[in-house]
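Here we start with a single chain on its own, the form predicted alone, put down as structure tokens.
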Amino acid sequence: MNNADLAIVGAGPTGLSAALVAPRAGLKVWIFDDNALPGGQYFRQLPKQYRKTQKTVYDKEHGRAAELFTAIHHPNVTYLPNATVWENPDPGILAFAAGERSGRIEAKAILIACGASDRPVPFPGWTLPGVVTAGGLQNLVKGARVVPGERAVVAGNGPLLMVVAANLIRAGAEVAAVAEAAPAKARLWRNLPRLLHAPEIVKLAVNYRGLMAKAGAPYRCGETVIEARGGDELEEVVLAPIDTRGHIDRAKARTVACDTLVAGFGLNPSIEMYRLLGCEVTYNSYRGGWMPKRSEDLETSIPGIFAAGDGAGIGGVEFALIEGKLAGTVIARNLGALGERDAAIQAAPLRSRLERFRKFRVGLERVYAPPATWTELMTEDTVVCRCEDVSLGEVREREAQGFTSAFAIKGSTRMSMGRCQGRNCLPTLAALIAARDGVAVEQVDLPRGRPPARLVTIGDLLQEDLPAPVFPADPHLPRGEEVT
């Protein structure tokens, strides 16, 4: 068994920021990351096998990432790339899979900094080759310098659409249309005072819009993709007006020829570890859906387990960087490595900056508030679970047979039991149940989280030298309960 003061899950902006603070205070820190290189999605680095011939616009953020990358070299830090934390066998203990390095660690505090993933919104044709998510496109461009096609449509919801469109244009692709589902232009001016709390981000947005206008990429609000068409690959997409309730005006649909569709409907916090650890979660549609409940010190409902960054509620890279440093400071204080006074002095400017960005985030959330539902996009033959190839019609058939809860539908269709472990289908399943029952999504009971939180190979698990298991007298009882 390995031991640490602090275990950090994730080496993106949040995890690395925390790792800049906690080790300097004297804490022994382990960082686990399932990527080969640190930086996460935002500061994604090219693979080591690549050779740069010149700097590009995609490298502009790596200047401020340079200090973050030094965190993994601190003498108090043990950094494990290509390592997947998959289980919490006992309180304070994490099991990780990393080839021959696989094992377990006992930590006095745990920081979950797993970031977020693309929000899946099924529509007819969304599984066609040529349809990619916004995050996937960003990884292709920034992490591999690959453009998936020549003529693209960008559709969905949120400010990331402009970032994606700008990156496609810079990479040489033609952007035929950008369809934003929210009436963002109409909401902009009344929320501008809040947005000006982060003028540097507003300036970036203005630059993106200028680049799109110069390239002739039309930006239309109140419009969404309703279908992707093609034979063996994408050939065209159908766009149509959508209102704030999620109702689609199919009579005004239009078709755009393209070989790439970037579907970006926002981000979901990665809550797999929180659910596995038993942390209480709440729901906020503006910040990505389900996310962990936290105190002002970023501590979850379970003492000693902290949550920060986009995995605790979508806020962007600035939030992630500040919350990481705040988490590192608070944890160092809690473990006695930093005095109360010194911790308060370090935390004060961080909390002040967080408050400023919170005001900005409220404005951004109001500008890009998504339609109330996306369920009208789906037809009976639309695939809602890609891993297990489950269609909406099959879900409806199971419901007619009496399988009405998320747990029952999961058991009868295998939804959320495939490779993605529910990241791509549980939000859809919850939305369908909520629409069917006429309740809010947060009232839908999700199936309980079970290991593995992320997929691991049997070969990795065989690397662990574990004692013989102790089974309960009744194997049907939950772990730790005795037969009476």
Partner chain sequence: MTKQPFDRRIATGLDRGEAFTFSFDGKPVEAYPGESVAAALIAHGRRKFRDTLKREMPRGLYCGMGVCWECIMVIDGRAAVRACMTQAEPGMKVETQHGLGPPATMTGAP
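Heads up, when I say rigid core I mean the largest set of C-alphas that superpose within 1.5 Å between the two forms. Positions refer to the first chain, counted from 1. Computed from a prediction, not measured in an experiment: that's the story for all the values here.
There is also a form predicted in complex with its partner chain; it is not shown, and the following applies to it.
> Is residue 222 a contact residue for its partner chain in the model of the complex, using a 4.5 Å heavy atom cut-off?
Residue-level check for residue 222: no, no contact with its partner chain.
> According to a 4.5 angstroms non-hydrogen atom cut-off, is residue 157 in contact with its partner chain in the model of the complex?
Output for residue 157 is no: heavy atoms all beyond 4.5 Å of its partner chain.
> Heavy atom to heavy atom, is residue 363 within 4.5 Å of its partner chain in the model of the complex?
Close contact is absent here: in the model of the complex, residue 363 is far from its partner chain, nothing within 4.5 Å, heavy atoms only.
> Does at least one non-hydrogen atom of residue 448 fall within 4.5 angstroms of its partner chain in the model of the complex?
Answer no; every heavy atom of residue 448 is more than 4.5 Å from its partner chain in the model of the complex.
> Look at the stretches 427-435, 454-462, 22-30, 66-74 and give the one with heavy atoms within 4.5 Å of its partner chain in the model of the complex.
After filtering at 4.5 Å, what remains is 454-462.
> To verify the annotation, which of these, 349, 81, 92, 136, has a non-hydrogen atom within 4.5 Å of its partner chain in the model of the complex?
If I apply the 4.5 Å criterion carefully, the residue I get is 136.
> From the list 117, 300, 334, 191, which entry has a heavy atom within 4.5 Å of its partner chain in the model of the complex?
Looking at the other structure, the residue within range turns out to be 117.
> Using a 4.5 Å heavy atom cut-off, are 148, 259 and 420 all in contact with its partner chain in the model of the complex?
Judged in the model of the complex, 148, 259 and 420 all sit within 4.5 Å of its partner chain.
> If we check its partner chain in the model of the complex, which of the residues in 164-196 reach within 4.5 angstroms of it by a non-hydrogen atom?
Heavy-atom contacts to its partner chain in the model of the complex: 171, 172, 173.
> Has the Cα of residue 48 moved 2 Å or more between the shown form and the other one, judged after a core fit?
Yes; that C-alpha moves by at least 2 Å between the shown form and the other one.
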